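Just the one chain here, laid out as structure tokens, in the form predicted on its own.
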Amino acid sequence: MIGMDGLTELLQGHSDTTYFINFWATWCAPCVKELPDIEELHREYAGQPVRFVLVSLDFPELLNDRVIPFVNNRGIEIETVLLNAPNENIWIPMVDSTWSGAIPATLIHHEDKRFFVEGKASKMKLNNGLKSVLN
């Protein structure tokens, strides 16, 4: 579980790493449909300086009963955290000023390069976004 400090760290990143951050929830059907594509990208970029993180927006009290079993039952190997930052009016604009808060949403960033997409995105769109940030 991460709070505002942990989210801020993910959003600031480190200069030697590209961050692929997907905001999702177990109850969000488009989010769940998007996960296999993200997992494929995670495998394809293994060994490269890309850190994939799934940020669950489920309620914190569902961490042990819903989120962890969901991740384990599907064999998700991507780093998964649950965001415990109740004031979305503060953290949503930190992710992207155009984000309405709808999920899924993906932010890919490295230093001053950014790619953001709101809503379910195809593997091709996510891969193109990742390539644009890596280049």
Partner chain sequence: MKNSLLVLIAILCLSSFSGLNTTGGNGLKIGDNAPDFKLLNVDGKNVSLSDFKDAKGFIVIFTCNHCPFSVANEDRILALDAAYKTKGYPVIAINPNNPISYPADNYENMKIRAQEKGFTFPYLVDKGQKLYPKYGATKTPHVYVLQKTSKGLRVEYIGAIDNSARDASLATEHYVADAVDALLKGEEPPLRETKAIGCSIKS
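What you see is a predicted model, and the numbers here were worked out from it, not measured in a lab. Numbering follows the first chain given and starts at 1.
FYI, the form predicted in complex with the partner chain isn't displayed, but the following is about it.
| query | Do residue 70 and the partner chain share at least one heavy atom pair within 4.5 Å in the predicted complex? | reply | Flag for residue 70 set to no.
| query | For residue 64, is any heavy atom within 4.5 Å of the partner chain in the predicted complex, or not? | reply | Because no heavy atom of residue 64 falls inside 4.5 Å of the partner chain in the predicted complex, the answer is no.
| request: Indicate whether the partner chain has at least one heavy atom within 4.5 Å of a heavy atom of residue 45 in the predicted complex. | output: No.
| query | Are any of the heavy atoms in residue 36 no more than 4.5 Å from a heavy atom of the partner chain in the predicted complex? | reply | Residue 36: no, not in contact with the partner chain in the predicted complex.
| query | Only one of 84-92, 70-78, 106-114, 36-44 gets a heavy atom within 4.5 Å of the partner chain in the predicted complex; which is it? | reply | Only one stretch passes the 4.5 Å heavy-atom test: 84-92.
| Taking the partner chain in the predicted complex as the reference, which of 32, 50, 53, 57 has a non-hydrogen atom within 4.5 Å? | The residue from 32, 50, 53, 57 that makes the contact is 57.
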